[in-house]
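Consider the single chain below, provided in structure tokens and representing the form predicted alone.
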């Protein structure tokens, strides 16, 4: 398909259109186009990672044209093609029922799909899921560094691999960490920079709005910020104050170009 117009023309009504674009303007612009191209009774599934608060606006835009809207959080990453995807959707019972066979075909098993609530609930559930993911990944990464720094553990990958069997921290994320170490035991090919795609920030913002204590997820988000600035101004300011009052050594800035 070369355009949304061609897509709308080739699908037989009533249509179900799956949209999966970057959050924000790309998704908003595509929905505006679809609102003028589709017909009453059609349904759009927004399968990207839009902010949950945008879903109400999206649904209202399409509803003016009699078009249904289902927001759908999808988890599974690049491995979903082999393992199936966890699906969290939000929308009216009518619209979710229409698209349920499609969503069900993506899930690895019956319990891997959930109608989380009204419009916005699917993306909200996915947002919190990703916030938790941030915290779990950070804990595993910190454990890895601690093992690496210790003089007691000569084979860190072997220890981590053993945790995959019978321990309370066994998980798919641990499996992926072990897999990465098998391919590159020193992780020499990686820079240590970790980006965030938005959901972690939104989770922390919601925690503040609802006065929910979320220190692990918040710290994990801040760790990602710090990973992008190895010579951050705040760290230099901290070192300068420590040097001023205590005469502590000040290390030269790295000159690797990053």
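On a predicted model such as this, the values are computed, not experimentally measured, just so you know. Numbering follows the first chain given and starts at 1.
The following text describes the form predicted together with another copy of the chain, which does not appear among the structures shown.
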{"item": "Stretch from 35-43, 22-30, 62-70, 219-227 whose residues place a heavy atom within 4.5 Å of another copy of the chain in the model of the complex", "value": "219-227"}
{"item": "Residue contact check: residue 50 to another copy of the chain in the model of the complex, 4.5 Å heavy atom", "value": "no"}
{"item": "Heavy atom of residue 58 within 4.5 Å of another copy of the chain in the model of the complex", "value": "no"}
{"item": "Residue 239, heavy atom within 4.5 angstroms of another copy of the chain in the model of the complex", "value": "yes"}
{"item": "Residue contact check: residue 95 to another copy of the chain in the model of the complex, 4.5 Å heavy atom", "value": "no"}
{"item": "Members of 121-143 lying within 4.5 angstroms of another copy of the chain, judged by heavy atom, in the model of the complex", "value": "121, 124, 125, 128, 129, 132, 133, 135, 136, 137, 138, 139, 140, 141, 142, 143"}
